[in-house]
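What follows is a single chain, given as structure tokens, in the form predicted on its own.
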């Protein structure tokens, strides 16, 4: 009888641990996506001004090295969130972080407006409309 109580104790503890971990995991993902959504208008403005572009790595980067400090901070914040999200998605899907980043690059290239900068296969900044011309 005492042995069964320990089994129930450990099973309950495991369920509690998994529940707390999954809750924190989902909350973290929700917080990251909310942060990215809040930042999107500023990031879009920086892309429209030609200061920031979609890099080959699946992250964003400065196109203009002389961009103001707030734009660099914007890039850093976006990339920190993207890296965290890449890790979460990789864990959820059982793939590598590198593959998630690659898929994000493809997605972001498709979503880029023609006037936005993206890195070509030689890692040079080009406007999307000039790719393939």
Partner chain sequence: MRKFIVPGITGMLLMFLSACTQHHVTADTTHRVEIAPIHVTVDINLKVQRALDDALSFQGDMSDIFTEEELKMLQ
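Bear in mind the structure is a predicted one, so any value in this text is a computation, not a measurement. Numbering follows the first chain given and starts at 1.
Although it is not shown, the form predicted in complex with the partner chain is what the next lines describe.
By the criterion of a heavy atom within 4.5 Å, residue 85 is counted among the residues contacting the partner chain in the predicted complex. At the 4.5 Å threshold, heavy atoms of residue 106 reach the partner chain in the predicted complex. At the 4.5 Å threshold, heavy atoms of residue 29 reach the partner chain in the predicted complex.
In the predicted complex, the partner chain sits beyond 4.5 Å of every heavy atom of residue 123. For the residues 48, 79, 95, 72, the 4.5 Å heavy atom test against the partner chain in the predicted complex is passed only by 95.
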